Each structure stands twice: as structure tokens, then as C-alpha cells.
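To begin, one chain is listed below as C-alpha cells, in the form predicted on its own.
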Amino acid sequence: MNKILLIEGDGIGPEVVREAHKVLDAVSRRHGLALEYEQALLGGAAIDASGVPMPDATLEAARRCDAILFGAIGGPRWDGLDRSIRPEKGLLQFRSALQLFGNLRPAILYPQLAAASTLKQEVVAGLDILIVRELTGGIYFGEPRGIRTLDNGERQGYNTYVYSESEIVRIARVAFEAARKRQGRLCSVDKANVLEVTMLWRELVSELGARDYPDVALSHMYIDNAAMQLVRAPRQFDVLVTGNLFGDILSDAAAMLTGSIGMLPSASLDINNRGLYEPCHGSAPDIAGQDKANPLATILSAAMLLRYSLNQSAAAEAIETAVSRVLDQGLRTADIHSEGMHKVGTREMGDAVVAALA
């Protein structure tokens, strides 16, 4: 029995997770999978229920499960809280406590949505790249950090950017392994001309590639150039690996190359491939509860869950094929936007994917 923890989260999170749950049930029946579910709270919903964004019970439930399917987090109703107990803090604590260091963000352009990209179709046609982002280190977690008042009375904000050798090698190995299974090309993104942290990053990635992955073509690129190249000629990339901050920025930029961040899934894995799976989009509180949310990124995240944590590649491919079939059924570009959908309901889309699994 495979145990899956469902965390619906905030905003449109409950709606999209319910549709993905429905699809998981359907594919498990067709492929004879034994899935058992548990539910828990995280983020704003957890604050409302218990006063903290990450209850101990949620972490305990996560440790009992094989994989976690998560919706979205946050919203303006919690913006006035102290930073230490805001919803986003709970998600960071959750990732760190579970050591979910490896974030996989695929950016795939579905042909049916090519016209939705802001780039020319000839630039993005056939786009299929994977960004591997280190998720539990770097400047988001470095200490010391804070806001202080200097002797002259001026306030100063400060953060610490730090990576250890083991953290760099660990995420680089994930990226090399992923590249090996794809086109065999890896681009490591850093700022080694300025930042000592990424000088070490480049050195260690180069050493690992030469020693253990000579079959993978390794290149290096500064973050500013990588951002430019991602827009200029995105198909030059296969797999990119980078740190937490740079990966956060590049993955969202890559998402919009595909025409809609609402189509893109993600996985955050620990060393044993137990993971947290979630859509790349936000909680979209402005359309919550209106049956307008796009559930496809969450449904595709469920497919990643089957592939990476449960080793059920056939079931994962079945979901991905079903999504493609649904898109082939005449959906217009205007019907699918980033988080919301037009003229297609959330439940309707989930039902369509279930039907396409048959």
C-alpha cells in the first residue's frame, strides 16, 4: 500500500488537489495500484485551524507517507501576520524539515498552447527543458539574516548566501542523473565571476562531471546570460542546475515560455525520492471557489508523484497522455491561462482527464 498525503492548502489549492485526487483514483483502478490517502493542513489553512503555518501533526503525517500532493499556499488575508508565522514560512519549514533539497521543474510546451507563449512559435516550438533547483540551502536559509539599525540610525537589511560542499554535490548529482536520462546535456548556472559561493559551485560541479559523468556534456553559464539565453533561444538547453535563488527566478521565467504557468508541475525530492509534488502557480484567491482554477498543473504533478516516488512510470505516462488528449479535443488558447481557466470549469477539466484515461 502506497500512502499519499494530500495537503490542499489555500486559495484554489483545495479545488485543484481534489481534481488531481480524482485522476489518481482513476489511474490507480486502471493500473491496479494500491493507494491510501491521508489529509493534513499547511499554510494559511493551518494558521486558521491551529495558529501556526506548519503544525507538528502535518510533519508527522508527511513522514508516514510515501509522497505528498500539495495545492497552493498563501493569500492577502494572512499578509498582516508577523513574517515568522506567515503561510510561506510554513512551506519553507516543511521543505527543510523533510530535507526536500531537489526541485525538478519541467517546462514543456504543449503544441496546442504554442500560440499562448509570448515568444514566436518558431523559437519555442518543441520546448522541453528541465530546471533542477537546490531547494533547502542558499540565501533563503542562510544565517545570520534580518533587519538592523546601524550606529548612524539607518536601517539595513542583510542575508547570508552559503552553500556547503555536500549540498552542491548532492544537487549536482541529481541533475547529472536527470540529464543522463534525457539528451545528455547539463548547463550549470552560477555567478562565479562575482560570488565566492558559486566559484565553489562551479569547481565542484566540474569535478563531479569529469569524475562520474563523462558521458554528460557539461557547460557553465552566468545567471544573467542564462536568463537572456532562456528568452533568446530556450531550446539550446536540456537540463539546467542552479541554486535556490537563481532557480526560483529561472524556473518561473521558463514557465511562461510555455504560455501558461498553470500547466507546469514540480517535484521536490529527498535523497530517497520521497517527495512533495505541487503546481508551479500560486493560490489565486481572486478565483477561489468559482470553478475557474486550472487543475492541469496539479494533475501533472500527480503524474510526477507516480513516476519519481512510487516508480509507476506507466501510470504516470497514462496521465500525461490523457492531458494531451484533452488538449487535442479543441481547447482554445484563450481557455487556458496561468491559474484560471475560461469557458472550462475546474471539475469539467478533471472529469475530461479521467475520461481520457479510458
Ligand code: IPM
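Residue positions are given as counts along the sequence shown, with the first one as 1. Just so you know, these numbers come straight off a predicted model, no measurement behind them.
Same protein, other form: the form predicted in complex with the ligand, not shown, and the subject of what follows.
- Highlighted residues Leu130, Arg173 and Phe176: none comes within 4.5 Å of the ligand in the predicted complex, counting any heavy atom.
- Among heavy atoms of Tyr161, none comes within 4.5 Å of the ligand in the predicted complex.
- When the ligand is considered in the predicted complex, Phe101 lies well away from it, no heavy atom lying within 4.5 Å.
- The closest heavy atom approach of Tyr140 to the ligand in the predicted complex falls within 4.5 Å.
- In the predicted complex, the ligand sits within 4.5 Å of a heavy atom of Asp248.
- Of the stretches 210-218, 231-239, 153-161, 87-95, only 87-95 has residues with a heavy atom within 4.5 Å of the ligand in the predicted complex.
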